Ligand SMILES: Cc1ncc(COP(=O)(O)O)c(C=O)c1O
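We begin with a single chain expressed as structure tokens, specifically the form predicted on its own.
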């Protein structure tokens, strides 16, 4: 007998059941992902056949939150936390996002200053401006990282963070930098984008400062295509970072609840990492120590086989054992020699680079940062530059960091692939010796 009694009052449901529906992401998406791998035609056909014939495939839940299965992003955070040795770790969609998150978690905003090096990818500085703060650009030294004495000179009453960048896989002088920061009570944000898996005096990079920021961009040490991680031992900063990176607050115990004591409620953005990136990152983090050790070994083989030439020096490493080994830096005696040696090495097949590679702007060198040098702003409010009186803004010029420009003009950067064989290393070293024997005076004494 039909009844109109409402279900809420004990009557039968009008809609007893929906579905089952196919998952939002299924075979078609899986095949597109697999197509990213360059299988042989035969293998690809076999995989496609297996997938097409399996009618029981259930697609993934690519959002890390509310996931019916264990989250790959959460697993990657745990793996990264264990690798770096910090109490907390947060995944994000890029290192750029983690830098902004770090600055915002620290409460950095309008009128504040953040000290950054003259040699780093532009994002280190751009994220300061995007946080409505003022980047203070300081010189590097022969470590290719910020010079401690330059930091000390740059500190003002507005300084709210120091951002050492572990460039080209090797640590900045973290003991001296931390001494300066602690003396002045200034937080340190380690930009570890190019040095994931590296260390300084037995401490993992990203665990020494207040906050560590990592890139998993495809061209970094360990990768997920895009992605980043933020590490810290400070619970309050971690909570604030979570909120900034997830404005929808999916991570909160009560997503719609009131603010708790640790300031977890404010307007943030959305920098969440997807499960696809998390899965790749997890596999990479598990291999990180092996990847770094192979980079390190290949670099040592090449460096040990390079003969000592008049005028040749190497980059100073504050901790050679902690170097990730992704890059071997040679300093020529002058810029003209570097300008000639670079194309000669490239012609020999050596994976060498430097500021003379091409005529395009190199976003790693401060004198190309017109956005900063010319006080560019995205809106009529002219932030961040309007946040302080005009006469108190830093006086940016293209030649304000002469030591940086001089060092980079003499630097030859040789990329080290961790898949290099002993024979590859021998050939690269022989090619370097061949070129330098033409441009520099040889003494035939091996560098150790």
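Everything quoted here is computed from the prediction, not taken from an experiment. Positions refer to the first chain, counted from 1.
A second form of this protein, the form predicted in complex with the ligand, is not displayed here; the remarks below concern that form.
J.: Is it the case in the model of the complex that 120, 123 and 215 each bring at least one heavy atom within 4.5 Å of the ligand?
T.: Yes: each residue has a heavy atom within 4.5 Å of the partner.
J.: Look at the stretches 339-347, 215-223, 175-183, 304-312 and give the one with heavy atoms within 4.5 Å of the ligand in the model of the complex.
T.: Among the listed stretches, the partner-contacting one is 215-223.
J.: Flag residue 197 as yes or no: does it have a non-hydrogen atom within 4.5 angstroms of any non-hydrogen atom of the ligand in the model of the complex?
T.: Outside the cut-off, so no.
J.: I'd like to know if residue 99 sits close to the ligand in the model of the complex, meaning any non-hydrogen atom pair within 4.5 angstroms.
T.: Residue 99 belongs to the contact set for the ligand.
J.: I'd like to know whether residue 207 contacts the ligand in the model of the complex, with contact meaning heavy atoms within 4.5 angstroms.
T.: Residue 207 lies outside the contact set for the ligand.
J.: Just checking whether residue 169 would be counted as a contact of the ligand in the model of the complex - the rule being heavy atoms within 4.5 angstroms.
T.: Result no; residue 169 lies far from the ligand in the model of the complex.
J.: Using a 4.5 Å cut on heavy atoms, which of 193, 146, 189, 281 is close to the ligand in the model of the complex?
T.: It is 193.
J.: Of 128, 95, 273, 76, which one comes within 4.5 Å of the ligand in the model of the complex, counting heavy atoms only?
T.: Result of the distance check: 95.
J.: Need the contact residues for 221-243: heavy atom within 4.5 Å of the ligand in the model of the complex, sequence order, or none if there are none.
T.: The stretch touches the partner through 227 alone.
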